[in-house]
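The chain below stands alone, shown as structure tokens; this is the form predicted alone.
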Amino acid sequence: MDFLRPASWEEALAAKAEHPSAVPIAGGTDVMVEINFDHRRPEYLLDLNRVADLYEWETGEDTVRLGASVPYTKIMENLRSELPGLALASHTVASPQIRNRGGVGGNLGTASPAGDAHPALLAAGAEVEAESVRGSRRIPIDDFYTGVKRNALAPDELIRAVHIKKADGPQQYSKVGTRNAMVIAVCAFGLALHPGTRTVRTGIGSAAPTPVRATVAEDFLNAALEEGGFWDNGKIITPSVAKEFAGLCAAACNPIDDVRGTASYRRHAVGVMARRTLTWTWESYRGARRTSEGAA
């Protein structure tokens, strides 16, 4: 196994073009586990730790451009207001040591359905900035996951950044594990309210071959909120609506039985998390409305 160590982004792209099979490594929190357990033995490792701009982020008027290697700790400390769902997801990642090393780019590159960042990225409607010596492109997060631990990157492409819309409404994230830390998700759920477009987006992790959205549940809830005038009147969402939404989210799953949990438990847990996160986010939205109306 050869070790490639570019000093710049341009050198990294050139190395990836010359060695398309090279496996990128930055935090190493996924790749090194696979190597240490002899589950993977790549011909080349492409070390991106010296590429400084991968550790930077930019906050624009509407979006955040998050470098692929920005550690989860930095997201928690600096982007809680702009990216609340991703900040909450970052809190659930492993241990402080791993949160100091790992980043969203590694989650996306590995594309494991259990990756902690995926539900939050799906709910927020992120775009992945991929680049090669041939040029750069943005891949909508809905099109990024193509199979079990497979993604839409071409062999010569690297993930440079993730573009995420700044939250214009409450966001939530929930994760079920066999313990409270250092655990792979049994299942996870992310939800984001987008009052500007009067829409709701979801993200489900570790309950299907890939991270997925519960699009039928979203369509149902979007219609129910609009027909009931909930965005304008700020009323409590009725239990029947919350129950139907939860059931449709559970139905969006296609889980397996494994050592962490059964398929039936995963479906049940996703439904419970969907109902709870909807309640939490909607109460936050109602509270913000009351505060705004009081100030007016």
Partner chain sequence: MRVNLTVNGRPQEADDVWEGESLLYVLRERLGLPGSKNACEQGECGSCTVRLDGVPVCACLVAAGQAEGREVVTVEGLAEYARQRSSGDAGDTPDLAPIQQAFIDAGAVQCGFCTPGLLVAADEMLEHNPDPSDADIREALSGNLCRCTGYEKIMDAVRLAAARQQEAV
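All values reported here derive from a predicted model rather than from experimental measurement. Numbering follows the first chain given and starts at 1.
In what follows, reference is made to the form predicted in complex with the partner chain, a form of this protein that is not presented.
In the model of the complex, the partner chain sits within 4.5 Å of a heavy atom belonging to G27. For the chain shown alone, D47 is a contact residue for the partner chain in the model of the complex, at least one non-hydrogen atom being within 4.5 angstroms. Contact check for A242: every heavy atom lies farther than 4.5 Å from the partner chain in the model of the complex. Remark: I237 does not count among the residues lining the partner chain in the model of the complex, judged by a heavy atom distance of 4.5 Å or less. For the partner chain in the model of the complex, the listed stretch (57-65, 34-42, 227-235, 242-250) containing residues with heavy atoms inside 4.5 Å is 34-42. For the options I98, A111, L79, V212, the residue carrying a heavy atom within 4.5 angstroms of the partner chain in the model of the complex is I98. Interface residue among R160, K149, K165, H91 relative to the partner chain in the model of the complex, by the heavy atom within 4.5 Å criterion: H91. Residues M1, D2, F3, R5 are the members of 1-15 with a non-hydrogen atom no more than 4.5 angstroms from the partner chain in the model of the complex.
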